[in-house]
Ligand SMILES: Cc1cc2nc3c(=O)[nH]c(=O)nc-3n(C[C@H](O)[C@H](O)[C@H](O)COP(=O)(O)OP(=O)(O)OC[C@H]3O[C@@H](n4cnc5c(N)ncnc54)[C@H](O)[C@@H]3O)c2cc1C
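Presented as structure tokens, the chain that follows is alone, the form predicted alone.
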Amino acid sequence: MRAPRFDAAIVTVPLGVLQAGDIRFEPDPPNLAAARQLVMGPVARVTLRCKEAFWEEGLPAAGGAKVAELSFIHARDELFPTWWTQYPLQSRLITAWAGGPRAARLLALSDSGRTGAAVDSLARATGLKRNEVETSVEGVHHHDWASDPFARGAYCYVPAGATGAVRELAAPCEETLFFAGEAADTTGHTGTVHGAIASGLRAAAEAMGSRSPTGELRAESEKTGTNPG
């Protein structure tokens, strides 16, 4: 059976997969050199399912006030410095998040060790006793994108000296390969979901503009300011 052939392709795999060489290009496009200049960052994320949304019943750290509209908790000194609920949805889920060096420390722990660190952090951030938080937890889900072979990291960031790498990664290659994904967003939203979506729309428009007659007409009209009708 012959392999299918195409005139163009949009490459949307995560930066970590591109850097790992899990996809083979012959020959390598220059975009890969740009991809190697960027860095895939780690994130440790743990979601706790609680027996009840205890934060709605009043927290010592909030002076005992009920915080039914709680969205985020920021606790800078904790291993898990950021927490969020599902508000405005009423839910018993609360999610812990840590990036950078803290994430590296947390990802080196076992799942139970990470859960314990999350309970510790949440207890201190809310002013509750540790056993009060621990006994409320009835389910845990861990997110470890770094060990996922289809992600190999959580988000992209631009290190010093590589400010042009994002545009180089996003540049069309011979009107054949078009790169998209959060690492290829050129609107300033690298590392975000909305940046990834925007880059996909941009790559799709470029691919269509380079291949279809109507796309070519649209692309030319954008340059001249005319309306193709």
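What you see is a predicted model, and the numbers here were worked out from it, not measured in a lab. A residue's number is simply how far along the shown sequence it sits, counting from 1.
From this point on, the text means the form predicted in complex with the ligand, which you will not see here.
S.K.: Taking the ligand as it sits in the model of the complex, is residue 166 in contact with it (heavy atom to heavy atom, 4.5 Å or less)?
M.R.: Taking the distances in the model of the complex, the answer for residue 166 is no, it never comes within 4.5 Å of the ligand.
S.K.: Residue 51: heavy atom within 4.5 Å of the ligand in the model of the complex?
M.R.: Looking in the model of the complex, residue contacts with the ligand do not include residue 51, since no heavy atom lies within 4.5 Å.
S.K.: Indicate whether residue 172 is a 4.5 Å heavy atom neighbour of the ligand in the model of the complex.
M.R.: Residue-level check for residue 172: no, no contact with the ligand.
S.K.: Does the ligand get within 4.5 angstroms of any non-hydrogen atom of residue 34 in the model of the complex?
M.R.: No, residue 34 stays farther than 4.5 Å from the ligand in the model of the complex.
S.K.: Since the partner isn't included here, can you check whether the ligand sits close to all of 23, 43 and 196 in the model of the complex (heavy atom within 4.5 Å for each)?
M.R.: The answer is yes; 23, 43 and 196 each reach the ligand.
S.K.: Of these, 142-150, 86-94, 125-133, 111-119, which stretch puts a heavy atom within 4.5 angstroms of the ligand in the model of the complex?
M.R.: Going through the listed ranges, the match is 142-150.
S.K.: Determine the residues of 171-202 with a heavy atom within 4.5 Å of the ligand in the model of the complex and present them in sequence order; the list may be empty.
M.R.: Contacts from 171-202: 181, 182, 191, 192, 193, 194, 196.
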